[in-house]
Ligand code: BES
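A single chain comes next, written as structure tokens; it is the form predicted on its own.
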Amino acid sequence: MKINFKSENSNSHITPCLIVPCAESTKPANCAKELDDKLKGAISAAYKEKRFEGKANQTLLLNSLGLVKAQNVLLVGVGKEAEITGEKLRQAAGTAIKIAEKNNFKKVSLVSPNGAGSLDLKGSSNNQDPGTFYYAEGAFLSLYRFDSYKSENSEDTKIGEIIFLADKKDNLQSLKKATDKARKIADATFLARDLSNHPSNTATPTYLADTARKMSRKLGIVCKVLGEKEMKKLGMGSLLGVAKGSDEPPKLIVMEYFKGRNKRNPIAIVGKGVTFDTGGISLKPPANMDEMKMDMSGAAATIGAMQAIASLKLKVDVVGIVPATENMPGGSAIKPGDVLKSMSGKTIEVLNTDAEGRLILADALSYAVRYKPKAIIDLATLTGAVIHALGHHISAVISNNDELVSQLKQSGDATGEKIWQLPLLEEYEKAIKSGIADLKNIAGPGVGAGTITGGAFLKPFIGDYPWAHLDIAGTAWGEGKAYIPKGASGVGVRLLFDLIEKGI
């Protein structure tokens, strides 16, 4: 897709579709007012008749009838001026792009959101032009399509060019910089979405490893991939136990990006990489099992976040770790009642083979501890219980460090990838103690709180390091709206990038 930049008056700009952000009001203002004067009051009439008022994500498409150079004008609401946020700008841009595509526009021009009203955006200290950054990010993210397996897709209209219009010539450079950053972050999110959307006969553990290697070579990341032999030497019996039921060989993918001043004590990101989850011997019901190809969304977010961090050349030290395997009910698969010995030396009684994500994370977290990290953040589609608790719009976080949670919440608010903390009480930690081993991989009957006990299981493997566990089972799969597509959302990439860019 082509991206161009111009500093032109909206009245004289030639384009098939001019997209104009508008703050909520009783009459057109700023750029919309200038266009209204040329369009003989068509926009003000829409305001008067309440067909358009600038409410969040409200749209109005007008044919200019040759009265201005743009063939069509698409107004999109960003809400009340005093309440405009980065997330509202993202949603407005994404909504407008989808409307433009539905109307078969292959080229659009976006008027700078700085003309929509007074922008006092929170959490944007690292953005020179926050309004443009959020707006461009929403536009790019909404352009995602996954059609790798379609033999014909000629019916799909795709926007081939976006022109960004600066409100002033002096702002052109900052507009380009903000847009470039938004594009690179969107590309990293697209990588995560692609990995989660690919079927499991494509996105095997080996495929994840090859993708990570390819990305790492391009961006100067050191990528190491450990196979079964290396894992056995390290004593990773928990990860290898899950992998026993599959013919696909497991991989432990390690991506090292050391660009900080000290080049030590990195931030460790660990992502669950179960490329397909049948539940193992504790077999899942068949309904919707096809969606279990996305049980590696934590891994996808980790790989995507590493791409975003490296492509934007952050001066930080980060290690991304992905334990990758299938969970299959083969003849060699682990069984309920089996006991596994993890890399940490702790033994685990397996009471349910469908609670496999925490088993592979246990060894990956132990590997992360070897780096003496500044902080550890893991992401996993760990529990269905989190959907009952929080639905599909917010991820759960369980942590041993309130400051880290506070920073994650701030980044969640800034990126629209919101999180909510669940309590990690001693009672929940006691619930995963085993009678015959150190731990059991699920709590006993009557305990409930599946998301919390899942996090409680992971805590013994991180030592005293600051740690946050993100359960993204409810947010990793989207239903399709604004800039979030139907299918894989790529959640976690932008959250992690924002967190690490701002500094932990």
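When you see a residue number, it is the position in the sequence shown, counting from 1. Everything numeric in this text was worked out from a predicted model, so none of it was measured.
Below: the form predicted in complex with this ligand, not depicted.
The single option of 346, 183, 284, 244 touching this ligand in the predicted complex, heavy atom within 4.5 Å
Contact check passes for 284.
Using a 4.5 Å cut on heavy atoms, which of 385, 163, 191, 328 is close to this ligand in the predicted complex?
Contact residue from the list: 385.
With the partner removed from view, which of 253-261, 212-220, 313-321, 352-360 is the stretch that lies within 4.5 Å of this ligand in the predicted complex, judged by heavy atom distances?
Stretch with heavy atoms near the partner: 352-360.
I'd like to check something about residue 70: if you look in the predicted complex, is any of its heavy atoms closer than or equal to 4.5 Å to a heavy atom of this ligand?
Taking the distances in the predicted complex, the answer for residue 70 is no, it never comes within 4.5 Å of this ligand.
Check whether residue 294 has any heavy atom within 4.5 Å of a heavy atom of this ligand in the predicted complex, and answer yes or no.
Contact with this ligand, yes.
Evaluate residue 473 for contact with this ligand in the predicted complex, applying a 4.5 angstroms cut-off between non-hydrogen atoms, and reply yes or no.
Flag for residue 473 set to yes.
Examine residue 277 and determine whether its closest non-hydrogen atom to this ligand in the predicted complex is within 4.5 angstroms.
Residue 277: yes, in contact with this ligand in the predicted complex.
Report yes if all three of 272, 381 and 442 come within 4.5 Å of this ligand in the predicted complex by some heavy atom, otherwise no.
Yes, because 272, 381 and 442 each have a heavy atom that approaches this ligand to within 4.5 Å in the predicted complex.
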